[in-house]
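Shown next as structure tokens: one chain only, the form predicted on its own.
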């Protein structure tokens, strides 16, 4: 039995379930029951309970898509600053040249391939170099809310601003729009979502703010 509702804000020590097999990230088991170990939003993903922290330092997980700035290019590795004084590396395959002709200062989107004692390794498969845009940083714990369920919030942001978004699980985001006004509105919306991630009715408020900023305040938000 579960003792919480989906996306409920829970606190450390709050009971979540009486099935210890459901214990996942941000939880612990005591006397056969699952409890929250951090403050955050409770979710059940494929039968496993996870807590998305309200705040906290980003912890790389295999499969995460992260954004970073290339800090060094060596013959056999590319070092990438992914924020929070954390550096990851891209190691090209044998006989492969540096992927995408990456240079120091480039912004890249890559998937975390491995983490461990040898550091954080990013995959060359699917590696993207972001051509241009505004780089902003948010609390990594708020990224799932910025993305939204099945990408719903990002769809709203793209539709309302006409901007492209690259979102890293590490809290780095690139916004690239048709002009500075639309980019400024998009950044303001992202900051609003980060600030009010725990509140209800957020999507509607984001739409209203964007339409006011971009001079479309009278439009029907259901469109």
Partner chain sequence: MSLGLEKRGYGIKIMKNKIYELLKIGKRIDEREPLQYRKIEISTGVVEKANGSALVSLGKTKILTGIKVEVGTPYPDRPNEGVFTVNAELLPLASKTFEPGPPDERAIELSRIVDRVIRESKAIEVEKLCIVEGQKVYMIFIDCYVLDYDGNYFDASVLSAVAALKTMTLPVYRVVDGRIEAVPGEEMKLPMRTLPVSVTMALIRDKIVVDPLPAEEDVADTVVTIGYDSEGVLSAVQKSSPGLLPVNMFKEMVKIGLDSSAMLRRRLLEGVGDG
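Note that the structure is predicted; figures quoted are calculated from it, not measured. Residue numbers count along the first chain shown, from 1.
There is also a form predicted in complex with its partner chain; it is not shown, and the following applies to it.
Only one of 127, 89, 112, 107 comes within 4.5 Å of its partner chain in the predicted complex through a heavy atom, and that residue is 107. Using a 4.5 Å heavy atom cutoff, 69, 132 and 138 all lie near its partner chain in the predicted complex. In the predicted complex, no heavy atom of residue 156 sits within 4.5 Å of its partner chain. Taking non-hydrogen atoms only, residue 184 approaches its partner chain to within 4.5 angstroms in the predicted complex.
Its partner chain is not shown here, but in the predicted complex it comes within 4.5 Å of a heavy atom of residue 180. When its partner chain is considered in the predicted complex, residue 191 lines it closely, a heavy atom lying within 4.5 Å.
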